[in-house]
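Before any questions on how it binds or moves, here is one chain, the form predicted alone, in structure tokens.
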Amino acid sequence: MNEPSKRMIGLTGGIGTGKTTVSHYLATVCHIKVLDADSYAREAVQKNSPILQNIKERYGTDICLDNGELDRKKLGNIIFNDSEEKEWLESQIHPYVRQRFQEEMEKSQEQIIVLDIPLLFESKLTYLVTEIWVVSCSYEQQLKRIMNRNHLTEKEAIARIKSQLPIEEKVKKADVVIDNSSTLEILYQQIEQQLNNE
């Protein structure tokens, strides 16, 4: 089969909409290769990496934990409350993530690959994919899930939601909308249905 017939699914959504549940199902139940932007972003700032060095130079060494690893909570508090700092951080990390995606896609033989990218639109990576899936749910569900999962106050959770493109905007740009406001069973049915839509 020739190259263009590959399906490159860009999977995205808002924080707390259930994107991780969808990507986990695709990987474990459907046995589809999932490339994860978050894991590449973690690689980018791993201990002794040049990017972590830049972060330390900008925010001081106390941005790291005692073991030398990045203190994600501390960094999160800075960038979720300051759009300029968030942009600076993304300018450090996005090129690395983009490069890792391209390397993995080039060496992969699979016919379907899922690119799990929370900031697919924000980081302008839509050119990497052939179709875009957006996982969505109601704002109230989103807020509640983030507060419970990340142990955040309502104010902190709202700041995280606001730091991303509104979910309504993402839905408008989607080829496929996966609605995660009901049961897991209904969520999984939607995934199976979309995978079978060649």
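For clarity, a rigid core is taken as the largest C-alpha set superposing within 1.5 Å between two forms. One rule holds for the numbers: they count along the sequence shown, beginning at 1. What you see is a predicted model, and the numbers here were worked out from it, not measured in a lab.
One more form of this protein, predicted in complex with adenosine-5'-triphosphate (ATP), exists but is not displayed; see below.
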(message) Tell me which stretch of 40-48, 126-134, 145-153, 63-71 has a heavy atom within 4.5 angstroms of adenosine-5'-triphosphate (ATP) in the predicted complex.
(response) 145-153
(message) So, Ile15 and adenosine-5'-triphosphate (ATP): in the predicted complex, are they within 4.5 Å at any heavy atom pair?
(response) yes
(message) At 4.5 Å between heavy atoms, is Gln190 in contact with adenosine-5'-triphosphate (ATP) in the predicted complex?
(response) no
(request) Using the arrangement in the predicted complex, list in sequence order the residues of 32-46 with any heavy atom within 4.5 angstroms of adenosine-5'-triphosphate (ATP). (result) none
(request) For Ala37, state whether the C-alpha moves by 2 Å or more between this form and the one not shown after rigid core superposition. (result) no
(request) Examine Ala157 after superposing the rigid core and state whether its CA is displaced by 2 Å or more between this form and the one not shown. (result) yes
